[in-house]
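Only one chain comes next, encoded as structure tokens, the form predicted on its own.
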């Protein structure tokens, strides 16, 4: 097949083809906290819990546990209590399943004497080694509760820069003192030695049972247990990777994770492709048989109870631009695709606001899935910056003026084809705490007119700008206001978006300097407070407002956490922080809603973010891609999906028949053009001979 980007043999096999545009920077689960990393990590690692594939609303279920955690409330004397007022601690008790095994890996390989074969490598051992899968001997071992405890210990090392350490230290009993003690003079080369230290609030009960003791009442803690930060880490993998000889080859836990999940990472070439293979030791996962609503396609349950995974190999190819990726999807070389603004009209028809597929898509038997994401995209101001930061009234008004000028309704219309809702607060729709209608309006940026929101005028923004000390975009010294915008948008597809941002600031006579860089460098700049303004997004880790409000908690600001926090705006309002601590400990109730309302209003006035928008996700898939269901909170769903390779191959042959007649025509004209010259040459030669 002349135009195939994949080897023809792979197209006919049980292989899923997908793409990535931004290479993952961290695959170490203690550090990793980005969607482009979790798309891989969540297939390899297995925390204690996962989200049910089909259940709506979102529901947690055991993953490696034999049952849901037992939750016990304790008073100050460690006696059980049912009265929350008397509760000083909450104990979570876990029992893992028997006979779960890690993927085959050289870190586990031992000789007849019980010594690890590859924990003391020399140059000769790795001459031909490019990935851990290249080692000729690999082994496995059973999952232990020690591995979950070890993961928490690694999280506590400050030098590992875990983005959730600041959130967990006040919660898990003994974690803060442990972190302080172990991090004081800790050598990361001896990471594996953590198994010799203990955390007072994390206790091993038996080979399959352990407990975590949490301070007070924190109902949201159970959600964290479904995240990769709490995935098990075998100490053998750390000891294996902590060899300088491997680090020089870029072989580490940050590039090649080790887990018990349905897949293992076989190849990590960020400049070409990333490849997953089915874990041959995976034997504890089965396709769900419950949770699907009655109005959904019941064929999704055809594989109920069958062992997972179905797909044996997944190949992600690097695609820096959307147009080539889209064309390859239409040719059948990718099994699913998002819909960019450039391809929207080709894929989707809009009729009275309702979306349907175009005839071209229907002819190819393509279907689509649409869902409102529990996510937010926002424009952030670095509150530690001397120009756009600060908490005075003037500084508030500057950010409020900019928030009005950045017209996200226009952005949604131009770049998202209407697939989004302008945000009024940090909390997305569908999450407790989000208010709709007039109750939910951000009155610093919008007015409520004729039963809908209306963005305040540019005249209002200019007035706020003048009150901030920058009348007509000029400072008190007569100099024009120039602001810097850091972004990971670097490709040709991004030019129009960046020009749009410039125009938004030009409305206020402000010059916007674009500082574009790759995504990994962008992350570093935000987490080290080297940005003035930036645009970023957040996908819900769990369906609770705390998961969005903590993005603005001072305890999570990078300037307060040595670059490990998720509060990229470095927002640190004491009043907000105090209420955040209260909200964390509350179950969803009217009282909690009232407190959230106060917090949201504080943030609206301070304006560390221009709130941006809540996205509506739209994805297309080919008919041979089966068992596909939209669950924005479940990251490990690859194991449920299925490919009919024979059907794909038949479609690809039909859609990619080579058109050869232009070549034959070119050949004919070439011969026709050359023939007189050849004939003339022969005649000349004959005359010379005569």
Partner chain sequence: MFAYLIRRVLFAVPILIGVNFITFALFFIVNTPDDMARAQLGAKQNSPELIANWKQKHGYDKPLFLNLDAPSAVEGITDTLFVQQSIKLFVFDFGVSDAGRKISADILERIGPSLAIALPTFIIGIITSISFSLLIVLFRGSTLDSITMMIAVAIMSISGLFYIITGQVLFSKILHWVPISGFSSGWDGFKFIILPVAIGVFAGLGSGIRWYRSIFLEEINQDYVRTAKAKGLSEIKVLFKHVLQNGMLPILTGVVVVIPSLFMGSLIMESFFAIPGLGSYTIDAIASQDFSIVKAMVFLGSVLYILGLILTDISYTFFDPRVRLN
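Residue numbers count along the first chain shown, from 1. In this text, the rigid core denotes the largest set of C-alpha atoms whose superposition between the two forms falls within 1.5 Å. Please read all numbers here as calculations on a predicted model, not as lab measurements.
This next part talks about the form predicted together with its partner chain, which is not shown.
Using a 4.5 Å cutoff between non-hydrogen atoms, residue 271 counts as a contact of its partner chain in the model of the complex.
Proximity of residue 438 to its partner chain in the model of the complex: non-hydrogen atoms within 4.5 Å are absent; the residue sits far from the partner. The closest heavy atom approach of residue 662 to its partner chain in the model of the complex falls within 4.5 Å. The closest non-hydrogen atom of residue 672 lies beyond 4.5 Å of its partner chain in the model of the complex.
For the three residues 31, 250 and 541, a heavy atom within 4.5 Å of its partner chain turns up in the model of the complex in every case. Only one of 394 to 402, 142 to 150, 462 to 470, 522 to 530 places residue heavy atoms within 4.5 angstroms of its partner chain in the model of the complex, namely 522 to 530.
The listed set 275, 203, 158, 312 contains one residue whose heavy atoms approach its partner chain in the model of the complex to within 4.5 Å, identified as 158. Checked against its partner chain in the model of the complex, the candidates 578, 452, 181, 320 yield a single residue with a heavy atom inside 4.5 Å, and that residue is 320. Applying a 4.5 Å heavy atom cutoff to its partner chain in the model of the complex picks out 2, 3, 4, 5, 6, 7, 25, 26, 31, 33 from 1 to 39, in order along the sequence. With the core held fixed, the Cα of residue 539 is displaced between the shown form and the other one by 2 Å or more. Fitting the two forms on the rigid core leaves the C-alpha of residue 663 displaced by at least 2 angstroms between the shown form and the other one.
Relative to the superposed rigid core, residue 679 undergoes a CA displacement of at least 2 Å between the shown form and the other one.
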